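Listed next as structure tokens is one chain, alone, in the form predicted alone.
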Amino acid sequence: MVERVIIDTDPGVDDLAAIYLAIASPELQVEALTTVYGNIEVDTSTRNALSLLELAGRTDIPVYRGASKPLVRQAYFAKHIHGNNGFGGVEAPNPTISEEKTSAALEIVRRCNETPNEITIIALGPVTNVALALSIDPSLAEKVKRIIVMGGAVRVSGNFSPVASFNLASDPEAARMMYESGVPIVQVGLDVCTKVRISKENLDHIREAGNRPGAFLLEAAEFRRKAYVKVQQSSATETGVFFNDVPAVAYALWPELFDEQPAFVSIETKGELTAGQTVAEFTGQWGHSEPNSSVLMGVDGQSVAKQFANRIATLEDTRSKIK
């Protein structure tokens, strides 16, 4: 059965990789991209969403602009990892398509109300759009099939702070609202993302396929690889790359490659040093009898990386369509 998805995104090199995986996978029907601040400003993330779709020949997928900042906090960006333009300084063609007029949160509400329990949201950036949609219509929690969220760090270090992941720490209040809403959540955090290395062999397979979307991804990925070396999340001799958003889409495709555990996850919002931390309770220590999340704790990283490369290699070559 084909799964209908809305991808909430802040492209972003790893978003680019994840969205191309989704587009290349017949198991998923990408109904829309909704954009948010995060890796870069929302203006840039919206332009990037339009550009990456055009490069892949998928201008049929609409793009809706979303939040430009967190609910109550200052916005932070990750340009040291993704470059000032989000694509590692690699220039994409100016998009000839335009964003839709409806805001992201309102469009999420509309689509999920029109087809209740049929749409999965894959959240690849800060979850501000999701929180706004839940604020507009609290009953949305019962109408979304599930939210697959790229974020969290349970038994590994964070990448925003020692205990928190970037996406959830960017807007802890939004994250807390989402986790407390009752919506079904799959947490795809750094516990698994740090175990999915796209190796040189995987990258070479994409390169040999010769399609334009894959070539663009490889160009942008080199900036990210070098950035990870600089922040000491990878070694100076590393020839592969980590696309943290890819496991979120991979889970929607191949859940059998992951180990998941039910847990009650709380989001820290008040800690001076710990805001955005995912506090996962697996044993009911605090009296929560029912889990609110399925937390991914293990992954067959090599299989995910191989499947990813195979799918990206199948993308259509759009060079003849680019002016």
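Just count from 1 along the sequence shown to find any residue number. As the structure is a computational prediction, the values presented were derived from the model and not from experiment.
There is another form of this protein, the form predicted together with ligand RIB, and it is not shown here; the text below is about that form.
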- Item | Proximity of residue 45 to ligand RIB in the predicted bound form, heavy atoms at 4.5 Å | no
- Is there a non-hydrogen atom of residue 39 within 4.5 angstroms of a non-hydrogen atom of ligand RIB in the predicted bound form? yes
- Heavy atoms within 4.5 Å of ligand RIB in the predicted bound form: does residue 78 have any? yes
- Answer with yes or no whether residue 166 is in contact with ligand RIB in the predicted bound form, where contact means some heavy atom within 4.5 Å. yes
- Among 173 to 181, 80 to 88, 132 to 140, 213 to 221, mark the stretch whose residues have heavy atoms within 4.5 Å of ligand RIB in the predicted bound form. 80 to 88
- Using a 4.5 Å cut on heavy atoms, which of 159, 120, 103, 194 is close to ligand RIB in the predicted bound form? 159
